[in-house]
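In the form predicted on its own, a lone chain appears below as C-alpha cells.
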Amino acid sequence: MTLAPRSKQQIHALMKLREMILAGEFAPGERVSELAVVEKLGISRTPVRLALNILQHEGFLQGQTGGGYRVREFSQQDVLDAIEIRGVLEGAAARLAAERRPSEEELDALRQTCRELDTVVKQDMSPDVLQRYSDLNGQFHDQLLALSRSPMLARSLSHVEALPFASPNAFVFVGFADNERSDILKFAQHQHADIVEAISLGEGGRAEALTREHARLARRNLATAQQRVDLLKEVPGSFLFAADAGPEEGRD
C-alpha cells in the first residue's frame, strides 16, 4: 500500500529529505536515523518518521534490522531496469488507451500537447525552450496514462517514476550539444506523434511498441552521460549511482 503524506509538515519533511538525498547530502550506504533527520530539519518526529517510511517504499532508503535506514545505492542494471519497466508500463497504458477507444474530446488534450511540442522542437535550444519542452513532455506522458483509464497502472507507474532517473525527463537533455539535442528532441517528437496516431486508430499493439521504443531513448542518453563524469552529474540522483554506473575504465 502506498503511503501518502497527510499534513504540510509531513509533505515538507518528505520533499526536503528526498531533495537532500538527491543532492548527495547523504552518501550511498550512509545510515539515516530518525533522530538525526529531526535535528537536521527541525521538524517533529511524526512527519519525519512518515517521510522515512515513504522514501523506503519509493526505494531511496533501505530499512536496517537494528532500526534506522541506509541510503540505497543503485547499480547500472538498476537504472536500466527502471527505464525498461517504465517503458513496459507506459506501453501497456498506450495499448489500453487504444483498445478502449477514447473519444475525440478525450484525445484533444493529448493532440494539443503534441502540437505545442511540435512548435517547441523547432525553436533554438535556449534554457527557456528546454524547460518548456520538459513541462510539455511530462504533460504528454501524464495524459497518455490518463487515457488508459487504469488506476492500477497509474499506481504502478508512479512507484517506478518516484526514482528520478526513471522519469520521462530524466535523461532528455543530458550530454548533447545544441544541434544534437535538437535532433534528439525532434526524433522523440516524431515518436509522440506516431503514438497519438496509433491510439486514435485503435492500434493497440502498435501504440504499445512505439511507446516502449520511445522510453528506450533514455538508455541511449544514459550511455552518452556515462562517458563523462561531468555529464553524469547532470542526471538527477546521480549521486546514488554505484561505481559501475559511471564511466568505464580506460574510456576518454
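In this text, residue numbers run from 1 along the sequence as written. Note that the structure is predicted; figures quoted are calculated from it, not measured.
Keep in mind that the form predicted in complex with the DNA is not shown, yet the notes after this line are about it.
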Discussion item. Residues 8, 43 and 67 are flagged as a possible site; in the predicted complex, is every one of them within 4.5 Å of the DNA by some non-hydrogen atom?
Written reply: yes
Worksheet item: Can residue 34 be called a contact residue for the DNA in the predicted complex at 4.5 Å between heavy atoms?
Response: yes
Worksheet item: Within a 4.5 Å heavy atom cut-off, is residue 212 in contact with the DNA in the predicted complex?
Response: no
Discussion item. Is residue 206 near the DNA? Define near as a heavy atom within 4.5 Å, in the predicted complex.
Written reply: no
Discussion item. Can you tell me which of 55-63, 26-34, 184-192, 215-223 lies within 4.5 Å of the DNA in the predicted complex, counting heavy atoms only?
Written reply: 26-34
